[in-house]
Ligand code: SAH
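Given as structure tokens, the chain that follows is alone and in the form predicted on its own.
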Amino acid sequence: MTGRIMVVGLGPGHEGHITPLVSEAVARATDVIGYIPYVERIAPRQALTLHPTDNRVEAERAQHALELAEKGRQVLIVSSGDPGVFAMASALFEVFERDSARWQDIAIEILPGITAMLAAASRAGAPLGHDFCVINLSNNLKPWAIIEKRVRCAIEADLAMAFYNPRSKSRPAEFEKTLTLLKTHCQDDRPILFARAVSTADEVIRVVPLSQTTPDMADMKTVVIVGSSQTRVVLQGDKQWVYTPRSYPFDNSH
């Protein structure tokens, strides 16, 4: 029997965000590999083996999955959100590439999921309605100099920005420095969305002007979305909707 690896995204938290294709993959799996909180979202059943692991062992998870698939197992690697966005799909291919000749007979599927960024944006309206970029603020796998360069370029290009992993207890400085950059180069009233634990019982959505932001508004469960210069806030009763228009002002008279 040919082994298979299915790398799937479970969405941001609510069961309704899991796609039918991912549900089918879960039903086919003989083994589930992933970070402990994500594996806990898979219901135990007969003939299914769960392999939960702690954080920061992505390469070890990928190696384990390949070795199980090599034996003919149907292996599910789970990520939250989408597996291709700062998650396990890339980790799998990093390990695959080291010894690709060995793994040629393994079937690999990458099944997308709803990202935390998109779920957060939908809660607020449409802050990503025009061009935008996504930046992981963690400096665990890249230096701060690269993060800073990318944030500066995004500001100069007037992109809306989504920040993943903004602030942890072990690295509080990156988000503070990012806010300093934004406050130095952007208008004070630019809307900033703090979306924490989106689609779970602990969800908190806050929209504040840039001038009122503080580093402690974000943690590792928060996605931060920064509007562009064109992003607007409109009111519907007590509700604040944030959106970025689809068009950008320009002179087309020439």
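Quick caveat, the model's predicted, so the values are computed rather than measured. All residue numbers are counted from 1 along the displayed sequence.
Not pictured, yet referred to below: the form predicted together with this ligand.
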item	value
One stretch from 173-181, 83-91, 126-134, 100-108 that, in the model of the complex, holds residues within 4.5 Å of this ligand by heavy atom	83-91
Of A29, A195, I192, I33, the one that lies within 4.5 Å of this ligand in the model of the complex (heavy atoms)	A195
Contact assignment for this ligand in the model of the complex, among H64, R206, H51, K221, heavy atom within 4.5 Å	K221
Y164: touches this ligand in the model of the complex, heavy atom cutoff 4.5 angstroms	yes
Residue contact check: I77 to this ligand in the model of the complex, 4.5 Å heavy atom	no
Any non-hydrogen atom of A116 within 4.5 angstroms of this ligand in the model of the complex	yes
Heavy atom within 4.5 Å of this ligand in the model of the complex - qualifying residues of 10-37	P12
